[in-house]
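Single chain ahead, written as structure tokens, the form predicted on its own.
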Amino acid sequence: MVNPILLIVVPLGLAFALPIVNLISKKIIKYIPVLAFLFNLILSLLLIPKVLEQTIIVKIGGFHPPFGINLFVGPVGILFSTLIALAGFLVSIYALSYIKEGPKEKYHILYLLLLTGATGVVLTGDMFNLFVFFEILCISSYALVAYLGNKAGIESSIKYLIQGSVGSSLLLLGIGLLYGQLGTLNMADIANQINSISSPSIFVPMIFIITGLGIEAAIFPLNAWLPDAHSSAPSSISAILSGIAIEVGLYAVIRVIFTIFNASSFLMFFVFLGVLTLLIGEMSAFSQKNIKRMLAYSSIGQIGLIMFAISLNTQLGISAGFFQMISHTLGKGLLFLSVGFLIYKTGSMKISSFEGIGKKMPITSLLFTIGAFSIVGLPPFAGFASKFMIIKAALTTGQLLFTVLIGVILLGTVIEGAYFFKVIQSIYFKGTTDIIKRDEAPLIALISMSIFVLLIIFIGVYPDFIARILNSAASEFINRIDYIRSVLG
């Protein structure tokens, strides 16, 4: 069997090899990320059936946990590694025609490192390595936000850096406090011993860790960095930050809550925090005139919805939360990529500048529209299936409170639909009615975005296709004892 550690080693090795490749041929370097994440995607897909049968524990150096570092490749890890590889592969194809300026070698190195860090976060079974991979992800993101070198990008990157550094410091401090009390960094071993220490001693490191990770996850009120960072970064990076980076941050938060601290008593707090994050994100998006800031605030709303679903703490609720993560990655990735060339052709991020662009760029505009429909939750797209599953999960609990909160969530969806339809109206129903010469996005970019569309439609029409892995991923979080046993034996 192929070792899952290659999911980390291959892109990381290629990131360090890329300067040498650049000396040989500057034309080759842009294809390195494509090959790296194609490899990761194929390997992840091959591992899915094996992982669904039995969790794979990779013991680094042959040392048995908790004395050695281990990777935990369970249904959740393989689900996220596949999603990271898929998004990384499609966005790297898009970048072949999109990234034309700036230090391209540095862009591709940082891109590889960003997604390597994300993959490491979802596969590691060790708290300190969680911190290390988390830092790789964050530092690469800071640099890529400032990649264009303009004033807005540098300013946004510095804001992101400052807030992210505070988060990293809190995360490291929380890990240090846990290590001081338990003498271990292995997640399963910490989870096994956590009940042996007093509640106040648990509460402080838990708050530090969740707050530190919550900044990257863009949970309200820790999300001030996100709108500026997503709007200033190149659109290919905005797609990754929105579709992968913040979701990996959220994964880390829920891994800590469910597996390590078993903090089910705090989940009602996260239910309300999720709904609040949703409403604030959607209302902020509604008032935006800048298309990328609108999409950034929309991502905050989506994170709130995912938090709500997972905090229901039921098999169906957690499955629905993971389904919403998948539909968000596909939908928001498509939106940022299509907007990238709409902005490139119009020279502006203002929504008003897109008036009539649907006649000039009909294919790109159609791709944007499909992404918007999926995010809003219209059938037959993936967003409809995932949102319907969340509503069903909340109603299945039989609690009046969750039924009321569903009404609030539907209000957020109405707001979401209003601002997306406002953009679509500008694209198709405003501006000149004269015949305009078509000027589409490059073919390679259209192919990349079209694959996103095919996946959105396929998963929307056949949601049962991913039902088994979603259910297995939900079971992994609910049955924390199985996690501990599988690692520690």
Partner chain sequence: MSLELLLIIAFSGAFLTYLSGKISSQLRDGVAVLISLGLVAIVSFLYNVQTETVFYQGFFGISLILRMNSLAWFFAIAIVSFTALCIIYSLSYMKDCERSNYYYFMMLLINASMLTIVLAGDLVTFFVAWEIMSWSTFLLISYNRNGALQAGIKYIVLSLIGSMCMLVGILSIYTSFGTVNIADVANHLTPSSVGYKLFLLIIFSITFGIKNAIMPLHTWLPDAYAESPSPFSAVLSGMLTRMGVFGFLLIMYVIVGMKTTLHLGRGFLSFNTILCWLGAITIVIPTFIAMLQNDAKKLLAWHGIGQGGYMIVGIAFGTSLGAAGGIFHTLNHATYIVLLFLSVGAIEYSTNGLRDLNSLGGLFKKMPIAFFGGLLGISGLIGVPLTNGFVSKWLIYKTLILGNAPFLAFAALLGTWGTVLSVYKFLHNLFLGQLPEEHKEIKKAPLTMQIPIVILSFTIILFGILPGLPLKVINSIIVAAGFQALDINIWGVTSETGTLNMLNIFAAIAVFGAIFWGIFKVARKSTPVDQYDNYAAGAAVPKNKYHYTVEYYAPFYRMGKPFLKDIFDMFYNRIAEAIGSICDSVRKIYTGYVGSYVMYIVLFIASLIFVQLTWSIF
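The structure presented is a predicted model; accordingly, all values stated were derived computationally and were not measured. Residue numbers count along the first chain shown, from 1.
One more form of this protein exists, namely the form predicted in complex with its partner chain; it is left out here, but the text below deals with it.
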Worksheet item: Which single stretch, out of 79-87, 262-270, 336-344, 231-239, brings residue heavy atoms within 4.5 Å of its partner chain in the predicted complex?
Response: 262-270
Worksheet item: Using heavy atoms and a 4.5 Å limit, would one call Phe220 a contact residue for its partner chain in the predicted complex?
Response: yes
Worksheet item: Taking heavy atoms and a 4.5 Å cut-off, does Lys100 contact its partner chain in the predicted complex?
Response: no
Worksheet item: Using heavy atoms and a 4.5 Å limit, would one call Asn186 a contact residue for its partner chain in the predicted complex?
Response: no
Worksheet entry | its partner chain contact at Tyr297 in the predicted complex, heavy atom, 4.5 Å | yes
Response to the item:
Picking from Val275, Leu96, Met349, Ile406, the single residue whose non-hydrogen atoms come within 4.5 angstroms of its partner chain in the predicted complex is Ile406
Worksheet entry | Candidate from Ile424, Leu35, Leu43, Val453 lying within 4.5 Å of its partner chain in the predicted complex - any heavy atom | Ile424
Practice prompt. Could you run down 323-340 and flag each residue that has a heavy atom within 4.5 Å of its partner chain in the predicted complex?
Written response: Phe323
